[in-house]
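Take a look at this one chain, the form predicted on its own, written out in structure tokens.
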């Protein structure tokens, strides 16, 4: 594909500004934990089950410690102390600490070093569980010839996990490479993860560990049957971001929607809570080899895609910087952007191609995920299908990695199986018919629309990142720099679940993921 002009000095400056932004937040992250992080640690140590009302044991355990004012010590400290004092297992220790009125949740009696020592074998087992799941996934995947790019990504969302499994198989038969089970509406606002399989859900299906297992089994079955690998995706965001990352890692998911700022902007989750949770979730993701999908595409549903295109690029730099600090490789950073310019705008297609090519060049090692048009979809399904076709054409021209296929019924109803089939058929046609179109285009008109637009977007992203670096991301979000959405540092859901770490904080799981284990 013909390249657009990219000022490498400005790209380097953008990365430097983003690094400063991420470093500032990392100082906060390194001094804090959250109830979500601590529940994830408990789950990683094998704390399992729920009470008669469906409240997970991990929640009851961490909530009791938090109410006592000692979450800053880390749930690991209390579990390790119980083992050091004779508990028969971590599960036994968790149940006693959670449910027994006589159980002591005051720190003391043993040191942090003693608690860590008592958890040594359990910590090694938790990390080994991630590694074994990763190795199993990669060994199975290696049996299949990789699908050509862009990978065709579709969503299933019935509410019933067993129906989702059937629809995932049908999608693979129709040519899908990736299937995402979209989460039930507002699950990101739940401060717990439901237990077991679920058969009801509005707008999607609940993300639970058992549901992950059911879809993985179905995806493996249909991969073997068709001879083509079907990748599995879900959503690691919201108040249980890191818990879902853990579940996904051990159940062999391939991808997770995981963004540093999405929950802040679009679900009004406290920014301090989100930044801490995203770091721990990404440490798990980095170890597991999962590919994340970031959410910059959402900015263009709340802000104008022409005027605010540069905010997408700026956020991609910031998401990259956060991901690097959590240990992710570039090949795991599926940065997002979207085809959301008003289709009736003259030369809108050229603007879209320019942005897509610019992102592809700047993030050349990243599996960029491109999102379809949604904002300007109407009940006119025929025009909708054409709109999606233009999206597919731009994607194959510019070498995108992953394309979430648009549905012609987007503005009408939750897509039916036939809708999904027709979208896959259209994408297959366009990806084949225009497979080498980009290779045949050697140069854009010098100083023309495509080149000028790329220069403008990078220039404005550079200016925005300089501003954000100067004022900090906390204040930038506060003034609505991204998505035209304003949030405050102490506002939003989950703020009370953010806790300053005690100087004796114990978290051997995090230490192992960071490679900073105590001797």
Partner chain sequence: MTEQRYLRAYGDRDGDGMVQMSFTLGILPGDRAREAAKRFAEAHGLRDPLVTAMEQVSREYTYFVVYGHSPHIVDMSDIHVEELAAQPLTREDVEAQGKKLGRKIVVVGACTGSDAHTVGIDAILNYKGFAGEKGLESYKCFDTHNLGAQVENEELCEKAKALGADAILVSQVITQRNCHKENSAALVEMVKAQGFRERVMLLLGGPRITHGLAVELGFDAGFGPGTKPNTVASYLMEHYVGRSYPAGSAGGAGGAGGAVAKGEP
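Keep in mind the model is a prediction, meaning the values are calculated, not measured. Positions refer to the first chain, counted from 1.
Keep in mind that the form predicted together with its partner chain is missing from the display, and what follows is about it.
Student: Taking heavy atoms only, is residue 158 within 4.5 angstroms of its partner chain in the predicted bound form?
Tutor: Output for residue 158 is yes: heavy atoms within 4.5 Å of its partner chain.
Student: Contact with its partner chain in the predicted bound form for residue 238, defined as at least one heavy atom pair within 4.5 Å: yes or no?
Tutor: Contact check for residue 238: no, nothing within 4.5 Å of its partner chain in the predicted bound form.
Student: Do residue 185 and its partner chain come within 4.5 Å of each other in the predicted bound form, heavy atoms counted?
Tutor: Yes, residue 185 lies within 4.5 Å of its partner chain in the predicted bound form.
Student: Tell me, yes or no, whether residue 373 is in contact with its partner chain in the predicted bound form, where a contact means a heavy atom of each within 4.5 Å.
Tutor: Taking the distances in the predicted bound form, the answer for residue 373 is no, it never comes within 4.5 Å of its partner chain.
Student: Taking 88, 120 and 510 as a possible spot, do all three reach its partner chain in the predicted bound form with a heavy atom inside 4.5 Å?
Tutor: Zero of three within 4.5 Å in the predicted bound form.
Student: In the predicted bound form, which of the stretches 102 to 110, 280 to 288, 242 to 250, 297 to 305 has residues with heavy atoms within 4.5 Å of its partner chain?
Tutor: Within 4.5 Å of the partner lies stretch 297 to 305.
Student: Work out which of 147, 411, 437, 124 lies within 4.5 Å of its partner chain in the predicted bound form, going by heavy atoms.
Tutor: Partner contact (heavy atom, 4.5 Å) among the options: 411.
Student: Please tell me which of 128, 418, 139, 433 lies within 4.5 Å of its partner chain in the predicted bound form, judged by heavy atoms.
Tutor: Looking at the other structure, the residue within range turns out to be 418.
Student: Though the partner is not shown here, which residues of 54 to 71 have a heavy atom within 4.5 Å of its partner chain in the predicted bound form?
Tutor: Result: empty, none.
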